[in-house]
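The chain below stands alone and is given as structure tokens, in the form predicted on its own.
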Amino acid sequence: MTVIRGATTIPSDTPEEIRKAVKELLEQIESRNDLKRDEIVSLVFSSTSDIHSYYPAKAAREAGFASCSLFSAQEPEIDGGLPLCIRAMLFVGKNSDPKHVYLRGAKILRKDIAGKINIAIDGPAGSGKSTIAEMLARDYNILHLDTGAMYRACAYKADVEDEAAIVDLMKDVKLDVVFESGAQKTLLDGVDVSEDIRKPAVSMAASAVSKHPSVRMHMTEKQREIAGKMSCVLDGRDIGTFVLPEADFKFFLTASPRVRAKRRYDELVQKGYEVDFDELLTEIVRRDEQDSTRALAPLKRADDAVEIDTSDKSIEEVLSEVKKHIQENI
């Protein structure tokens, strides 16, 4: 069983406006959750005390949602509450990740999923920022732009020792980011390099490539362009300080070098790579130093970022802490 929530508002308390708003809300919920109408087991409505002219449940039945049980209730009067608001709760007979829908004036109730927001997550390698960004984007149904993959793709193609060659490369490189079935694919000159760019050697090279101003500015322009058009989560090392200094929410995740090296070691072993833990730990420490001392946009916590030490926390605990902060400050 899955519960899907939604809400909308009406400009005036008339049967016509209620019918129109309920139909729009339910059809949006149905479309975004890829629902078949007979999968809806029950539909429960509540409306604010200033709505009297028509039952939302009756409007739902007239809109074709007649195969499930329907119920309408009126909320008590609350000072400062959102006026002329209709809320809906759908009980669906399948397990899925619900995509809640808030329309019209009700968007203010859930800006995290209804309005455009940008979330910046920074931190050193292995701190968990990419995992949290991916889960957060999935839960909020917004884009997760893996900025690290963009730099890795440049490193995969470039000679990191030759800045002049990199400058020439950035003029002609064709780097595209596409999303298929909820996953990001990184295309370099039309070729999917998503797996190749995750190798340890490419990760180290990406840090070196990112020091070059021509690379950073080119990637930054692409990232700002994407974030300006839609809600998204960006993770990296300078998102909150350089790429999106005006991001709505900023987080800085960290953990001890040994913990981060162990996480990366387990990840690579699971993918079938042969790695030496001590060498990986040395690389982690070296990369921390390299990233935090580079001249342009070094790794550091933004003054207004929420810092979370993930060393002794599960992914679920970190995600819960991040979402709690967003909800409390939306």
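Model, not experiment: these values are computed from the prediction. Start at 1 with the first residue shown and count on from there.
There is another form of the same protein, the form predicted together with 2'-deoxycytidine-5'-monophosphate (DC); it is not shown, and what comes next is about it.
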- Message: Looking at A227, I166, A206, I119 here, can you tell me which has any non-hydrogen atom within 4.5 angstroms of 2'-deoxycytidine-5'-monophosphate (DC) in the predicted complex?
- Response: A206
- So which of H144, K250, R260, R237 gets a non-hydrogen atom within 4.5 Å of 2'-deoxycytidine-5'-monophosphate (DC) in the predicted complex? R237
- Going by heavy atoms within 4.5 Å, which of 187-195, 131-139, 150-158, 67-75 lines up against 2'-deoxycytidine-5'-monophosphate (DC) in the predicted complex? 150-158
- Message: N33, K99 and R110 - do all three of these have some heavy atom no more than 4.5 Å from 2'-deoxycytidine-5'-monophosphate (DC) in the predicted complex?
- Response: no
- Is there any non-hydrogen atom of S210 lying within 4.5 Å of 2'-deoxycytidine-5'-monophosphate (DC) in the predicted complex? yes
- With the cut-off set at 4.5 Å between non-hydrogen atoms, does D291 touch 2'-deoxycytidine-5'-monophosphate (DC) in the predicted complex? yes
- Task: Consider R216 of the chain shown here, and say whether it contacts 2'-deoxycytidine-5'-monophosphate (DC) in the predicted complex, taking contact as heavy atoms within 4.5 Å.
- Result: yes
- Task: Give a yes or no for R301: in the predicted complex, does one of its heavy atoms lie within 4.5 Å of a heavy atom belonging to 2'-deoxycytidine-5'-monophosphate (DC)?
- Result: no
